[in-house]
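There is one chain below, alone, in structure tokens, taken in the form predicted on its own.
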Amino acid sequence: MITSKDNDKIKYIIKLQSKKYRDQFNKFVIYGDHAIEEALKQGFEMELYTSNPLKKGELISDELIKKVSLTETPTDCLAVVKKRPEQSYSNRILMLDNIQDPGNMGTLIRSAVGFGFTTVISSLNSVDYYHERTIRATQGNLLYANLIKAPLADRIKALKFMGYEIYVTALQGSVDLKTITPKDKCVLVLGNEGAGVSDDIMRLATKTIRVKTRDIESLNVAMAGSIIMYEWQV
């Protein structure tokens, strides 16, 4: 059993709480039985740790598992998971331009998986997919998504060449999403919580769309994105 906070494996787990080291080692940490079960179902490579001798994994003390856990509710197991490489695009793609809130990111990933937008492409300046709050907000659905970080303009140009239509959300000069019947291959682009979609991405849009509302100017980005993906699911 690992009992020392100076153990190299414990130091490694703690390092993975930082995006810098998640990027460097290409790994992230998940907590709890549900997330681990979902990762196992999807065949992720992982290293298991637990304070429960009845569970699979390397044993660590209760004190240490509390130290390395970022969850609000104490857990007796965690896993260090290897990120998956980029996979083939789905026909429906969610694209995120400078999303900053981990909760919004997680909610959008969860909705994307639920409504068939299983490829998610976010800008390099968006919040990390593997932030603990993002993972928690996805309720394990992050493990079912094809998660890509890339310069968005370059990806949009390539996707257009592949026959995708690009729908960008905007408040001004846009049309009600209910008036649109998207092609089988389409990209939904959502923007920053305060500033919206950047001008260089807006210029690449096939159409600009909005969720029609009453008495309020706009919806939270996660709510608006979820509504559009629900309407456009196939």
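Residue indices: 1-based, along the sequence shown. Since we're looking at a predicted model, the values are computed, not measured.
Omitted from view is the form predicted together with another copy of the chain, to which the following refers.
Screening 173-181, 25-33, 195-203, 57-65 for residues having heavy atoms within 4.5 Å of another copy of the chain in the predicted complex returns a single hit, 173-181. 111 is the sole member of 123, 134, 111, 75 with a non-hydrogen atom within 4.5 Å of another copy of the chain in the predicted complex. In the predicted complex, residue 222 approaches another copy of the chain with a heavy atom inside 4.5 Å. The closest non-hydrogen atom of residue 227 lies within 4.5 Å of another copy of the chain in the predicted complex. In the predicted complex, no heavy atom of residue 18 sits within 4.5 Å of another copy of the chain.
Contact annotation: residue 211 falls within 4.5 Å of another copy of the chain in the predicted complex, judged by heavy atom distances.
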